[in-house]
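Next up: a single chain in structure tokens, the form predicted on its own.
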């Protein structure tokens, strides 16, 4: 009887985990494994990738889809654009979030200010893209400008600008939308970190003659730096997967293609290539996730 109870107790945790494991297998493990297999097929996802090799052209055999993902002109544009998003939007969003967090912490209507700044996060990214398409809209037929920015420019005597179809500026216009959306998220996390800084330390520094800038740079910033790193790495992952804004506002046209958008555009006609791009996208995000987990464990060990 005792042995039967012991065996039952040994299997009980697995019975509780079974529903979650089944769901994880169906929706995560199997799709990932299938994606990996399809990435080694031909571009249609039905035969060996070697059938896509053309005489006289470079061929990577079963890795032919990966050759396309790493060397084609369309993908090089997408990779370059993603790199630009990483270099500009990530620091821009984190700095904007930090700026808002510091300012909101010093006003009496803090809750209202934070609610307004965080409000874009409550909008779906598709909805935000549609809103900003109207902001950047261009009336090229000589009629009245309905886009807010061009209406202001024309009202000041200038010429309307094709914000979304001019390659020199359209990626930056899309990044502005990304910063607008994610600044509230960064502000919320960083504001919590700022409030966790002991006020006694800050007051002691002020008593010793430090001005507000010195207090922020020499005391507050180092103490919230672990949170800034976590927010930054989280934003890096989000930017690597950026899709909604580009898809809604430009569809990847006019030189705005990004990795996720390219993967989506190929998924029906060139499934194998799309799956190879998906694997590359996963490989780009995994090291950042591992870095975050290592930092979390180090912080827990220090406590």
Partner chain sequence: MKPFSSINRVLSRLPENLAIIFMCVVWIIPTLGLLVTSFRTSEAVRTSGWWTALSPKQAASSAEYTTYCASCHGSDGKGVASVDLSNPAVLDKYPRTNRLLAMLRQPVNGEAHVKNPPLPEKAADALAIMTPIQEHLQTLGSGSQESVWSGLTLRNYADAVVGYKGTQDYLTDCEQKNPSALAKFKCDLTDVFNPEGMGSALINTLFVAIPSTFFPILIAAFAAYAFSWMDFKGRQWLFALLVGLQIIPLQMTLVPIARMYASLGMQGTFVGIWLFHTGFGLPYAIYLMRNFLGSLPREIFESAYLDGANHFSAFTRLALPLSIPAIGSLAIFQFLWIWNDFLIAKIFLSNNPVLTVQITNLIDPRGGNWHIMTGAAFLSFIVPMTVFFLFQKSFVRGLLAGSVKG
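Numbering follows the first chain given and starts at 1. Please read these numbers as outputs of a predicted model, since none were measured by experiment.
Omitted from view is the form predicted together with the partner chain, to which the following refers.
Novice: Is there a heavy atom of residue 264 no more than 4.5 Å from a heavy atom of the partner chain in the model of the complex?
Specialist: Answer yes; at least one heavy atom of residue 264 falls within 4.5 Å of the partner chain in the model of the complex.
Novice: So, in the model of the complex, is residue 124 in contact with the partner chain at a 4.5 angstroms heavy atom limit?
Specialist: Yes - in the model of the complex, heavy atoms of residue 124 and the partner chain come within 4.5 Å of each other.
Novice: Since only the chain is shown here, I'm wondering whether residue 115 would be in contact with the partner chain in the model of the complex (any heavy atom pair within 4.5 Å).
Specialist: Contact with the partner chain, yes.
Novice: Against the partner chain in the model of the complex, would residue 145 count as a contact residue? Criterion: heavy atoms within 4.5 Å.
Specialist: Residue 145: yes, in contact with the partner chain in the model of the complex.
Novice: Could you tell me which one of 78, 90, 174, 104 places a heavy atom within 4.5 Å of the partner chain in the model of the complex?
Specialist: Selected option: 104.
Novice: Quick one: of 204, 192, 217, 83, which gets a non-hydrogen atom within 4.5 angstroms of the partner chain in the model of the complex?
Specialist: Contact with the partner chain in the model of the complex is made by 192 alone.
Novice: Taking the partner chain in the model of the complex, which residues along 253-283 bring a heavy atom to within 4.5 Å of it?
Specialist: 260, 263, 264, 267, 271, 275, 278, 279, 281, 282 sit within 4.5 Å of the partner.
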